[in-house]
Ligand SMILES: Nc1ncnc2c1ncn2[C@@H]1O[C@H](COP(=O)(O)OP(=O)(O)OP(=O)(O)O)[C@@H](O)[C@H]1O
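The data below hold one chain only, encoded as structure tokens and taken in the form predicted alone.
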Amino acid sequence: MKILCNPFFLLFVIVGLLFLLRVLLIRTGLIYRTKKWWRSIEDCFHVHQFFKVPEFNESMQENQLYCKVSVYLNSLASIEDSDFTNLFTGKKSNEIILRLDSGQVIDDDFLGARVSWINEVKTDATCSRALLLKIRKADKRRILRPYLQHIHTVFDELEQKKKRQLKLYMNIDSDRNQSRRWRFVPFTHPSTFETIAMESDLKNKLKSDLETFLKAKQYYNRLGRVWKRSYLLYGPSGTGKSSFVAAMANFLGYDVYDIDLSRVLDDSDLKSLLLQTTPKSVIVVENLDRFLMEKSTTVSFSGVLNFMDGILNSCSAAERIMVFTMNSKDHIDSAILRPGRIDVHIHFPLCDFSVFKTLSNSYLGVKDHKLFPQVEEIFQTGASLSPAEIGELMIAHRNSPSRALKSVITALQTEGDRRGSVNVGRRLLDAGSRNSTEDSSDHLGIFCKENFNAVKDIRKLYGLLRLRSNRKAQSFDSTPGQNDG
């Protein structure tokens, strides 16, 4: 009994019990449950107000505040305290990104006040997502506006610290009840204006045109026009149209929206897709001529016209580049090709000698070679291949520039000359009408790489006939002992 009444013994027992209680709480997780119970009891004595930040606004356009709040919440250390958190890999292989799951809560402290964010995901037909801000009504007037400004500031700082990762958006199959129609992947296409095979003068004009567009916000507003610019890329397959689109996106730092018209339900669905695009983006519709020729019943011709330049187009995000690709524009209605819907026409022809030299430098690292004069002579006859075809031949023989060039010469003499003879006749028929239209369209900023004249084509045809008659005597040296250049 004396020992039990000893104050030192009692103090030792109390300290031991507290230590055991602490170990019990930490090891079993009771401390976290205790904190949640205490907060629940504390919340009963306060009135709260909720603010909803939906992913899309009433016009079905992406809510930029939702994006900023998402980035801000993912930067908080308290996201790890959520009961259920999704893990994703980041840009780097060893980077892990945390994302809140549906219904999970994350707490934040600002100016001595505690706020909570709730991730709300509806699993009904709409599949809508939103972030709910829970704040005490007594703290609302004091911290709400400064807190939202704080989110903007942190978001800007995070964006400045890292280089913005471009995204490639693709429209997915859906029904009318689903609001989210775009799915994205990182846009990592390496194409730039320095690597694409294009005539240097035309390339410089296009770069200048894009730079002028970036600085023209006030000018477009003064004119009362939508701040957008439309490009038509037309030419045979494999001539570099897709690579040029990637080079534009990398040059501007814009996201890419690739619209597959075969996945669009109707005209209204196409409008919804347009409304969900964001500013600073390149909107791409590939093979538009093929879609129009098929006369699909999903999207009407007027729907395509309104998509390109309609009232709804002016209500969607500003600072946009719209790109349409075609294999040929010969049978396309002039209503689609008029300025306003198409501002810049860019022709992507089959490869000529100047483009061939660019490809040779890029693929083989060769700026000059003893076989170049022979290649140039074949090109002068009108024979040609697409840049993609020539590029694949160079890739196959990249370890031996001589063999690569010989394979290109062989391909030009077998397939290219036949294609070239057809192109010569077509150019002879189109030369007169094309020259007249180009002269009248220069002031509209239309750059067309179609500067062929009838005299030059006649010389090419004559050279082609001469080459065929003397082909047996014009074989190049292909002995194994020849040194590679």
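None of these values were measured; they are calculated from a predicted model. From 1 onward, residues are counted along the sequence shown.
Just so you know, the form predicted together with the ligand exists too; it's not on screen, but the next bit is about it.
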Heavy atom contact within 4.5 Å of the ligand in the predicted bound form, the stretch among 140-148, 231-239, 208-216, 273-281: 231-239
To verify the annotation, which of these, L359, I342, I106, I409, has a non-hydrogen atom within 4.5 Å of the ligand in the predicted bound form? L359
Give me the residue from V115, M308, I118, I196 that has a heavy atom within 4.5 Å of the ligand in the predicted bound form. I196
Should Y363 be counted as a contact of the ligand in the predicted bound form, where contact means heavy atoms within 4.5 Å? yes
So in the predicted bound form, does S243 come within 4.5 Å of the ligand, heavy atom to heavy atom? yes
Flag N327 as yes or no: does it have a non-hydrogen atom within 4.5 angstroms of any non-hydrogen atom of the ligand in the predicted bound form? yes
Determine whether any heavy atom of A388 comes within 4.5 Å of a heavy atom of the ligand in the predicted bound form, and answer yes or no. yes
